[in-house]
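Encoded as structure tokens, the following chain is the form predicted alone, with no partner shown.
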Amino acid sequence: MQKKTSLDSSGGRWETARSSYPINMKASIESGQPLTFHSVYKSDNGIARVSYVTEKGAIELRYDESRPVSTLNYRYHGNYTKASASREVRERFRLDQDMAPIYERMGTDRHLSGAISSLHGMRVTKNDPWETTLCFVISQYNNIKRIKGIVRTMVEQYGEVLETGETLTRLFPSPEAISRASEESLGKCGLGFRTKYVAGVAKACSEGLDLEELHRLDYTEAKSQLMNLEGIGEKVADCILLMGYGKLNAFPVDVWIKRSMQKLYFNNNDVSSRQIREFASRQWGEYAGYAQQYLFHNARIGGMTH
């Protein structure tokens, strides 16, 4: 029987968080980031409500999705306090980040300028390292719809139960909970060949690997540490570093990005992922990861500049 967690909560009250630069929540939520995979999203007449779980409980957000917004309304459940819930929302969505210098560094050509115009205000979110690691190990050779289904199944199967009447009733599954499961049980979540990788990473984390320690390492060192884990290659490691550790110079190269970069910057020539990463580093420097996310999501929604 799974453990239950009693709740502290905001009692249904909506708190307010202001953003120093308007944030495009729709793009931030839908652009293939960890919250794309495990949040619950509902929209009614342009007002969106997004709920997600963390190791501390549940956060629910409410905002106008038709435009970038300067204010988010949120409430919390679980082991959050008012201060920790505020910190979670501000840090996850980078509400204190000034996007102006990022756009100045990114907007080096018409392709990025077009993506910025289309997705203005989109953030690269900052997520829990374990949550990010699990989501992107699952993401390999997968599409967003299937990733969502697998992650939500794992939350239902292995997440700790919350005693609440809210939509979300389970925490994001811990490494320990997953490591206790058999590979047969994990496979029933739809993981396929990824089963052994998920099991291995969960086992490593539950037996002493502290993902939080990677925060103190530079990009190259942290990437090397992640790639020591079976099932984590360069693309997955870069996704984890970008969205779990805030290393904004990481430039994940997947099928979408390779196709887009070859078309937009290499005259449709076939080039290696390494060449693409090196180009991105020269072109966008410390904000290469932001450039990647804008190019990636713009290509997905059909806005790629020809």
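So that there is no doubt, residue numbering starts at 1 and follows the sequence shown. Remember, it's a predicted structure, so these values are computed and weren't measured experimentally.
The same protein has a further form, the form predicted in complex with the DNA, not shown here; the description that follows concerns it.
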Using heavy atoms only and a 4.5 Å cut-off, decide whether all three of Y219, M261 and G285 touch the DNA in the predicted complex. no
Considering non-hydrogen atoms and a 4.5 Å limit, which listed residue (K235, K126, H111, R170) is close to the DNA in the predicted complex? K235
In the predicted complex, the one of R75, K223, R194, R92 near the DNA [non-hydrogen atom within 4.5 angstroms]: R194
Choose one stretch from 261-269, 64-72, 30-38, 49-57: the one whose residues place a heavy atom within 4.5 angstroms of the DNA in the predicted complex. 30-38
In the predicted complex, does I276 come within 4.5 Å of the DNA, counting heavy atoms only? no
According to a 4.5 angstroms non-hydrogen atom cut-off, is H215 in contact with the DNA in the predicted complex? no
Evaluate Q97 for contact with the DNA in the predicted complex, applying a 4.5 angstroms cut-off between non-hydrogen atoms, and reply yes or no. no
Since only the chain is shown here, I'm wondering whether S179 would be in contact with the DNA in the predicted complex (any heavy atom pair within 4.5 Å). no
Could you run down 128-146 and flag each residue that has a heavy atom within 4.5 Å of the DNA in the predicted complex? F136, S139, Q140, Y141, N142, N143, I144, K145, R146
